[in-house]
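A single chain comes next, written as structure tokens; it is the form predicted on its own.
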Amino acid sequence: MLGMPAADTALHADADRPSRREQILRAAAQLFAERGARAVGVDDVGAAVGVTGPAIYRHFASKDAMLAEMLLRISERLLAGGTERVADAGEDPLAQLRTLIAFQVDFALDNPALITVHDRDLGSLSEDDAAQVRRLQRRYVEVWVGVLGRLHPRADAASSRVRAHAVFGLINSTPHSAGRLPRRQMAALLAAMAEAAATS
């Protein structure tokens, strides 16, 4: 059975007690990140969770269905989490920005396989699934654009959007530097750099 680390918990409603479906998604995310979705078969995913490949079909119609669900789940979680954190941060846009940055940093550090799969395999989704993921992502970006617009009232929305994507690129680079610093130190460094980029 695949030795799955404690990371990539964004796929689970309860990270301590993932359902079989969630265990399958998590194993698929690890394998897709390591090899690319196209190089992984259903039998590979089954072996990783200790079941036969055909047993996977009780939970997912296909490997493509696994990929679609994992990318939709993380997009929904980012949108819901970002929206909630901005609402909880009060009226100060700098406080809103800091809580958004902390949220994104935690997500990136806790879900390195999902970051990798999203970057590499989004284009493998069907047109309908890819469109749904992109709609959710655009809404999440607009949460950031609203906060950045309040911080930079003279900037237009297009500039705030570019700034948001640049901050995402900085934070989501973490799979390339995983393990080089202790997590707490890495989180603090990323948060400081992201805030500098967002407020410059």
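Predicted, not measured: the structure shown is a model, and the values here were computed from it. Numbering starts at 1 and runs along the sequence shown.
FYI, the form predicted in complex with the DNA isn't displayed, but the following is about it.
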| property | result |
| --- | --- |
| Contact residue in the predicted complex, from Leu151, Leu136, Val51, Ala68 (heavy atom within 4.5 Å of the DNA) | Val51 |
| Sole residue of Ala155, Ala131, Ala55, Val162 within 4.5 Å of the DNA in the predicted complex, by heavy atom | Ala55 |
| 4.5 Å heavy atom contact, Val145 to the DNA in the predicted complex | no |
| 4.5 angstroms heavy atom contact with the DNA in the predicted complex for Gly41 | yes |
| Close approach of Ser173 to the DNA in the predicted complex, 4.5 Å, heavy atom | no |
| 4.5 Å heavy atom contact, Arg183 to the DNA in the predicted complex | no |
| Any residue of 60-78 that, in the predicted complex, places a heavy atom within 4.5 Å of the DNA | Ser62, Lys63 |
